[in-house]
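What follows is a single chain, given as structure tokens, in the form predicted alone.
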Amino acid sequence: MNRSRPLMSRSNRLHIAQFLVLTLVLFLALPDRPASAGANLIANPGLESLAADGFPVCWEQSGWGANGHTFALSTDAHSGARSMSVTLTTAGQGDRKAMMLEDTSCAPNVTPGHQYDLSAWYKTTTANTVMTVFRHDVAQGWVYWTDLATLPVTTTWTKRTVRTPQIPANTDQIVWGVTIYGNGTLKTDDYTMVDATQTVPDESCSAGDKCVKGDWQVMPFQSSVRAIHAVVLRNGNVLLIAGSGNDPAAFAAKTFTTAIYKPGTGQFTAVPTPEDLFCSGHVQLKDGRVLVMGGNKDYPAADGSHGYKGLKNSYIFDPATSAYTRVNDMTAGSWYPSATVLGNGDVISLGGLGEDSHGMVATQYFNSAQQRWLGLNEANQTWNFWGLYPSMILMQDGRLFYTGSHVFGNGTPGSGASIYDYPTSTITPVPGLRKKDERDQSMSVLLPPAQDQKVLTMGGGNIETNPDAHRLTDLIDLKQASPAYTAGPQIPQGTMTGGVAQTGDQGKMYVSAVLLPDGKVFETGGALHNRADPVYEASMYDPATNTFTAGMATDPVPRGYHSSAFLLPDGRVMAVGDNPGNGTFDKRVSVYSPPYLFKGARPQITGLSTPNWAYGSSNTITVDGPILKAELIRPAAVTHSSDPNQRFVDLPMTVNGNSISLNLTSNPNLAPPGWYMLFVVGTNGVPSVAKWVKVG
């Protein structure tokens, strides 16, 4: 046989084999190998193929509303012969989009749970430009999903890449494009979409039941005050307000208390408390100080001549000085008032009892710029009674959604839920809420992410008729043209004192629901009846699947009336309070570690370009490894199963190794101004400890 080269010796072959094996071992051992670039999933990405109508194949002229606009093809292209051009000349209602066609043959196919990097080259003359995504739901058809990023003005061709959140369940295709909603011209070209899903590390966990149930710890100390109100401050400490603490003797002695709790040290520091702030309202202002409004002017008279009286006083608590400062009075006394921060940083307060013990019907409005409550005739009025602690959630269009969650007795007349438009003083009923007169101390949450605009209302009872609390949940999509509640999954059942299992339709009131950094909702605490019969049960609700996972670890401390649970910056959940019918108050403090804290190392945020974030901005962080997602969570200001300002804002990512740009929404109604906890979540599902950033 003729050979063109000599045979290798056995020794040489052995050395080469050893070298190849060693090279392979070293390659496999590399910690974060970059994924290879995937195929571009977009049909006609360079816009070069034209359809019969002269517009690019698989692309459409999209948008809505009354506005002057033109679509065109331009020879000013990033590459090739053409780009798409959209011009708005009289921007009014709505927008216009250069959008992929919602068509089976054109829309990219996707896999639930995967993430994709979306890229486009663009020029725009208006800052009102965003990257927009729609998804095809196998049950609902094509639906709006999210706006991923605001695109800055640029006169030169600029590439923008943004990573999607994980594709939701029941989604098989997406389309996306660039939206313009202000006067100007947008040009786009050369679109790409690649699968950017990162390998999930081994999720083995050696912590036993904690891996799936989490774990509660009762602290070896008690709260120094009756913690009826809890506010997480921008420095990570917790403001606990008692006032008289539902103790008439303390009220008579003018013994009003507040404490600052430091989770890192377990220390409580007393704060001089100027009035009885028992059953006041509270909310963080955009500078991180806390506006406290109303409270208790008097307890019910022994002769029945009057009930609880609302206080007009209002104060601002400053975390920097640990002190209250009085601002001007509200226009009316308020005991159990709501407090919702708006997209401009102002605050609306509704409901409660007035100084005459009757329902307070005025709309009370705190002007953040002027640092004062507006006069009665300065604020828009509807003269509507909203009940006590009505849960008023800010919607993305600036209106308020009254969820039906409230405190004490029946719901409001009619459907029990509504949408309130402050500028026009109009109230629109919302149908579908079941057992609307048994939503006393239910809890409502704006589900993660806030961009989805879905609210879940859980449980409830009625302290006046005192039936068994129920286990119903109702879900609403506020993006719909005519939103209506639909039935959600039932709250899992637990046990009562002595280990007696709940049966039938038994559920709970005094529900606590906490948004977690992994995008789930932890539900805990509650009781079957008015200030009696605590329920030991906790579950995890997943907004992506609309299901509860039962059997989470339960707080060994009863958590009924005047209890609260809230997220700490380290990703744990703290629970305080219980005030049963015999008048005692449980001051024990419990802390819950969710299952994610037992599943591996935390990701680290090693750098933050700035803590001050403008709307529509891209903000760079550095991390120590692959990241699944990032979000902002507004710190808690909770009492009586009510925290209408609680929200989780998704931050679409632009990923460049360990440098990640986080894209903040341009809509302040989705993320009202103030201090937020910034979390990142690793590919193992474990969240970081939060960094604090100031939005707006």
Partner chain sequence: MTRTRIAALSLAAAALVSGATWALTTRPAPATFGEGRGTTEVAAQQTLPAGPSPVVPSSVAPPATEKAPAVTEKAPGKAGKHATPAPFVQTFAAQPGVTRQKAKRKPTAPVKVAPTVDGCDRNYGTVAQCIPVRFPEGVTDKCAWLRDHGYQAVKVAAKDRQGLDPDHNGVICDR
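Predicted, not measured: the structure shown is a model, and the values here were computed from it. Numbering follows the first chain given and starts at 1.
Below: the form predicted together with its partner chain, not depicted.
Would R399 count as touching its partner chain in the predicted complex under a 4.5 Å heavy atom rule?
Because a heavy atom of R399 falls inside 4.5 Å of its partner chain in the predicted complex, the answer is yes.
Would you classify P300 as touching its partner chain in the predicted complex, given a 4.5 Å non-hydrogen atom cut-off?
It does: once its partner chain is placed as it appears in the predicted complex, P300 has a heavy atom within 4.5 Å of it.
Indicate whether its partner chain has at least one heavy atom within 4.5 Å of a heavy atom of P556 in the predicted complex.
No - in the predicted complex, heavy atoms of P556 and its partner chain never come within 4.5 Å of each other.
If you check in the predicted complex, is N619 within 4.5 Å of its partner chain, heavy atoms only?
Judged by the heavy-atom cut-off of 4.5 Å, N619 is well away from its partner chain in the predicted complex.
What is the one choice in R135, H529, K520, R234 with a heavy atom within 4.5 Å of its partner chain in the predicted complex?
Checking each option against its partner chain in the predicted complex, the one that comes within 4.5 Å is H529.
Have a look at G266, G504, G499, G581 for me and say which one sits with a heavy atom within 4.5 Å of its partner chain in the predicted complex.
Going through each option in turn, the one that passes is G581.
So which of 269-277, 255-263, 620-628, 303-311 is the stretch with heavy atoms within 4.5 Å of its partner chain in the predicted complex?
Among the listed stretches, the partner-contacting one is 303-311.
Given a 4.5 Å distance limit between heavy atoms, list every residue of 465-500 close to its partner chain in the predicted complex, or none if there are none.
Counting only heavy atoms within 4.5 Å of its partner chain in the predicted complex, the contacting residues of 465-500 are T465, N466, L478, K479, Q480, A481, S482, P483.
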